[in-house]
Structure formats: C-alpha cells, structure tokens
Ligand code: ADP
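Just the one chain here, the form predicted alone, laid out as structure tokens.
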C-alpha cells in the first residue's frame, strides 16, 4: 500500500510534542510491514540545523482566495529508515524560528500558513508522479487537506478513490480562528457552516478532518470514547458522536531502541527483566544526582508539564501529606510559573525528600525512569501518554489516573490481577488529592512485599507497546479507509 503521511512536525527534523515522535516512528514501522510511505511536512527554518542533505524536486504554486503561494519540494531519507521525507518550503510562511509560535505567542497568520501547506500537500503526488492509496493527516495543522480534497479534487482521478484517515492527537488543540478569516481558505462559502468548518462563529480547522475524512482515530481506545462526551469533547462531542462508527483508538508505540534499560547509554548501569541488579545502582545514582539521601524508601518520579491538565495541582495540594510519608519525590518539568514556584518552595522545606528540576533534560528523564521505583501521572486527561509506557519497560511501576491512554496501558494492582500476575501498576479514578494520596499509600504498602513487587515490575517490563504492534492496527484502518473512499456527507447534509 502507498501511504502519504502529512504532519506539521516530524522527529528529528522539528518537534514540539508527541506528534513529532509518532510521525518519526510510525512510518518506519509501516515500512517494515512492506508499505511504501512518504512523509510530508513544512520546511521550517530550524530544519537546516539538522544538516540533512536535502535534494530539490522542483517548485510549484497553489492559489487560495486569489493569492499565489509558491512552494519548493525537497526530499531526504528519515534517519535509519527507508521512508522518504518530503519538505514543502515557503520562506514567507515557514522560514521562522518557531513552528507555531514565537516567544510564547502564536503566529497571527497560522491559518494562512497551514491552509497553504495543506493545499500544497495535495500537489505532492502530482510532482512526484506517485499515486498514494491512503492520505493520513494529523491534527488541525493538516486537517484542511481533507476539505480541499473534497472541494476541489474529489472528481480528479488520482484522488477519487483516495482512502483518508485523520488522527486526533489532542482534541484540546483545534486550530480556532476568527470567522472573518474564513475567506483566506479559498473554500466554497457553504463550508463555513456547522456541518463543516464553522464553530460558534469561528473557523475550526480541526473540523475539516473530523467531517471530511473517511476514517478517524485517536491515540487510545478510552480517549476515543471520552471525546464523545461533554467533559472531554471541547464542544465537538456532537460531531464525534455522529461519526462514532468511523472513530477508532490506537495506542501510540514506544521506540524500544531509544527506551530500553538494557542498552540505554544514559544509565550508570544497564539492566533487563532477567537481571534487575542494575536498577538498584541506577536508583542510588539518581538519589545522589538529585541530592537526596540514599535510603531504601519508595522513590517516585515525575516528568511532566506543570499544568492542571497533567494533575500537578493535585500533587501540590497533596504535597505536604506526601512529604509526611516515608518516600522521596523527584520532579522534572516546566509549566505554569505559580506551580513552578510552589514546587521550588516545597523543595526548600523538604530538601531530603523532594528534588525539583525546572526545565527539560532528556538524559535526566531516562535516569529518572530507570532510578525511580514508581512513576506518578495523575492527569485529568491524557489522550495517550508515553511516560507510563517508558516506565513499564524500565520496571518503574506507574501510578496513573484512569483516563485516556493511561487507563488502556496500565493494569491495576487489584487482588485478582496481583494473583494472576498481570498487574503492572496502580490506577485511581477521581481527580482528587485524596484519591492520589490513597493510591500512593497502597503502592507503598505493596513496595514492602518484595515478591509481589518484583512480579509486578516484571509483568510491566514484558508488556509490548512497540510501534510494530501499533502499525498493524493502523494497517487495518488504512484498508477500511480505502473501502470508504467515497467519504462522508457533504456540507449541509445530515
């Protein structure tokens, strides 16, 4: 199968979040299954810093609302992969320091930038003389591709039977713009309607993917259900409920070449499921690095954005109670200034129990995963989550809230799961400091029961969340998308 994979960021070329990791790993896993995949992304100013040898494939223009946008197409290989990466360059739109914003402020022309990019994506197969079977778009930045295909190319032979899959990585980011900007899209006027891109008087670019793609998916099965409810739907629950038969959930994968304690170069000593001695060495090294006493108490790790969405307000509310327990806590992350200050203040009060590093440090994140006994993720919502899966592979037992991908990847330490040897972590329901504290206390109790604890560690380390596993699920959706290539209803119809 030939797959054109469109994304606004792809690791290692450009990254702000998990989308880049997915776009940098899934295509390679699909190629291992025998598919021909081409990834297309903008050529940002930062791409040149990677020093990849880019080859020009020529130029072309797209026209939107009476304005011409000249693009140049460049190509190179994804590192250590047979996958070809195609870059669309337009210096005026993408020759900037940031991807979506600069100095904390969104670029004011983001609608124009990603509309032009999306329309240009549809010209790539023509330039390459390559006919894809499936177009796979991701998040609001590429969602307009599906509207342009429907509005302008649905009767064009190369696109008439094109399978279309759209992935929602986080419904909280929708690409909302003033309604007055709709004409810049160059779409028919009736596309600014509730059945298409209109959203309470605004333009909602994400809706283009939700309405006009053949198949939808999110990055976990639980999240695919959650977003059909008012609590998680961000106003789009009705649209998603109407398309529930076309909506699926597939857990993101983990790159086990990068996240593997047996071969991790950042660790002081490697270890694996057969020999866990190295984990104790990593634990003591982490305590030393974080200026904590080397003690045999539960060491809890957190690598997170310091925001309420990640449940950090619950941690801060429970912090004094947590510090009364016989444990240690290491936090790495950045976010809301008020939360940063509260954590730093708490570290001064509890220097032998709490270590806080503001910012991000990739090698340290690996050492926390390896050195911690427990990993805390109390998110209010989490479409997929990756750190809980990293933790499982590193034998670091996760404590998570029952939401999204956290619920789908961690098997709760109930008595029946512990007896069966299938438990891999601890799961709590209410988004409350009380529930968090209760679960931490339960984990500490089991920590002292070493046979049960090691059994749970090993069960987690044996879990398979590889990209090869996820790619097989995407393969099924691609086949379904090809079968449904006629697409959903047109604007104005229900």
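Residue numbers count along the first chain shown, from 1. Note that this is a predicted model, so its numbers are computed, not measured.
What comes next is about the form predicted in complex with adenosine-5'-diphosphate (ADP), which is not displayed.
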Candidate stretches 116 to 124, 85 to 93, 410 to 418, 332 to 340 - the one whose heavy atoms come within 4.5 Å of adenosine-5'-diphosphate (ADP) in the model of the complex
332 to 340
Does residue 71 reach adenosine-5'-diphosphate (ADP) in the model of the complex, with heavy atoms at most 4.5 Å apart?
no
Spell out, yes or no, whether the shortest heavy atom distance between residue 479 and adenosine-5'-diphosphate (ADP) in the model of the complex is within 4.5 Å.
no
Are any of the heavy atoms in residue 222 no more than 4.5 Å from a heavy atom of adenosine-5'-diphosphate (ADP) in the model of the complex?
no
Going by a heavy atom distance of 4.5 Å, is residue 359 a contact of adenosine-5'-diphosphate (ADP) in the model of the complex?
yes
Position in contact with adenosine-5'-diphosphate (ADP) when the complex is considered in the model of the complex, options 217, 304, 424, 403, heavy atoms within 4.5 Å:
304
Among the candidates 259, 191, 177, 232, the residue which, in the model of the complex, approaches adenosine-5'-diphosphate (ADP) to within 4.5 Å (heavy atoms):
259
Pick out the residues of 111 to 136 whose heavy atoms come within 4.5 Å of adenosine-5'-diphosphate (ADP) in the model of the complex.
none
